[in-house]
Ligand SMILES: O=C1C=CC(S(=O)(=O)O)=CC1(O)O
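Take a look at this one chain, the form predicted alone, written out in structure tokens.
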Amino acid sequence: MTAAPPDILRCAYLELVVGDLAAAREFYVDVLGLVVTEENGREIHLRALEEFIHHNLVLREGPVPAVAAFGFRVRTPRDLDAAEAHYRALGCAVRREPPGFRTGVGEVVRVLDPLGFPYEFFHDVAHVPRLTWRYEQYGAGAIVRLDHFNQVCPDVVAGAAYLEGLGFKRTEDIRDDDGVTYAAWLARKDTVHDTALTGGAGPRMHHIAFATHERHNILYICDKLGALRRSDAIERGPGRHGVSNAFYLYLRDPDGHRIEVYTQDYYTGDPDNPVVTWDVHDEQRRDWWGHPVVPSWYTEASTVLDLDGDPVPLREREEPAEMDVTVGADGFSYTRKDDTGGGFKLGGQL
């Protein structure tokens, strides 16, 4: 019998392994404007401007770029006991680490979850100044909070069932008429998601997302990257998602890790919040304006590490891939479902 899950508050931090710590610092601090809480020659702890816990992102130098931990804050110290019991009942590798194992964080329960992702659960954490009213430190592209993770896994149905058993609620998903689920969005806080599952070879990390207050903050980041002759860091966007309704921009850091800058999704906190399901062939699901998705966005993602720091082996997706049934497949996408024509806008211009 599975033990009751911990009471998770929100996604809280991610640990990224990077090949060049100085280059990563320049990207995340000098370009994107994240705040340095603490740093040494091996790792840097960063946070968004409105955060009050020690960090939202850890950059650690290592031989192979990867993701070492997805951190979630739980409501009480007792929820660490619940996390340990829940994952032991699932047969997962579990390690309970003392305070200080993670800089600025108290006791941590580390698990390699059933999907192969390194999850960490914590409650006690060092507080730092929340910079909400320090407008002299805000730039035009101010990043104010961590919003969500996105994880690539082969079986979205099984993955979503596991996360729902962990207490997450589904807010949106993408399906087809044959019953295939291509992606799902799941939340603990009252937004569209704390994490999402994207169907594909996994486990891998698709992206980490940080939020701004307004769309113009995202547009400024694009302008800044252009002025710095760093526009090659822009992978996709800016645009507006159909799923989540959020305004978005996808970037790639110097190691290829994908970062989304995100704003203006919607409230999902009521217990009877309806799930929004999108047809995989609706070309406005990924971009509300109907712009095609670049193939790298579907195929490339970050390696994840197990509890010993070794790469987790990949499992291939057995069901159809979203890219294969949509990208470049004229006649398999639509703007208005009853149209007889199909395909992306580019196809009609050639």
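Keep in mind it's a predicted model, so treat the numbers as computed, not measured. For every residue, the number given is its place in the sequence shown, counted from 1.
In what follows, reference is made to the form predicted together with the named molecule, a form of this protein that is not presented.
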* Open site or blocked site for the named molecule in this chain, with its pose taken in the predicted complex and fitted by superposition, and blocked meaning 3 or more ligand atoms within 2.4 Å of backbone or C-beta? -> open
* Among 116 to 124, 237 to 245, 87 to 95, 210 to 218, which stretch has residues whose heavy atoms lie within 4.5 Å of the named molecule in the predicted complex? -> 237 to 245
* Structure fact -> Answer key, the named molecule contact in the predicted complex at 4.5 Å (heavy atoms) among D79, D194, E260, D253: the residue is E260
* **in the predicted complex, H54 touching the named molecule (heavy atom, 4.5 Å)** => no
* Asked: Is there a heavy atom of I174 lying 4.5 Å or less from a heavy atom of the named molecule in the predicted complex?
  -> yes
* Answer for W297 alone: is it within 4.5 Å of the named molecule in the predicted complex, judged on heavy atom distances? => yes
* Asked: Does the 4.5 Å heavy atom contact test between T268 and the named molecule in the predicted complex come out positive?
  -> no
* Heavy atom within 4.5 Å of the named molecule in the predicted complex - qualifying residues of 131 to 153 -> H148, N150
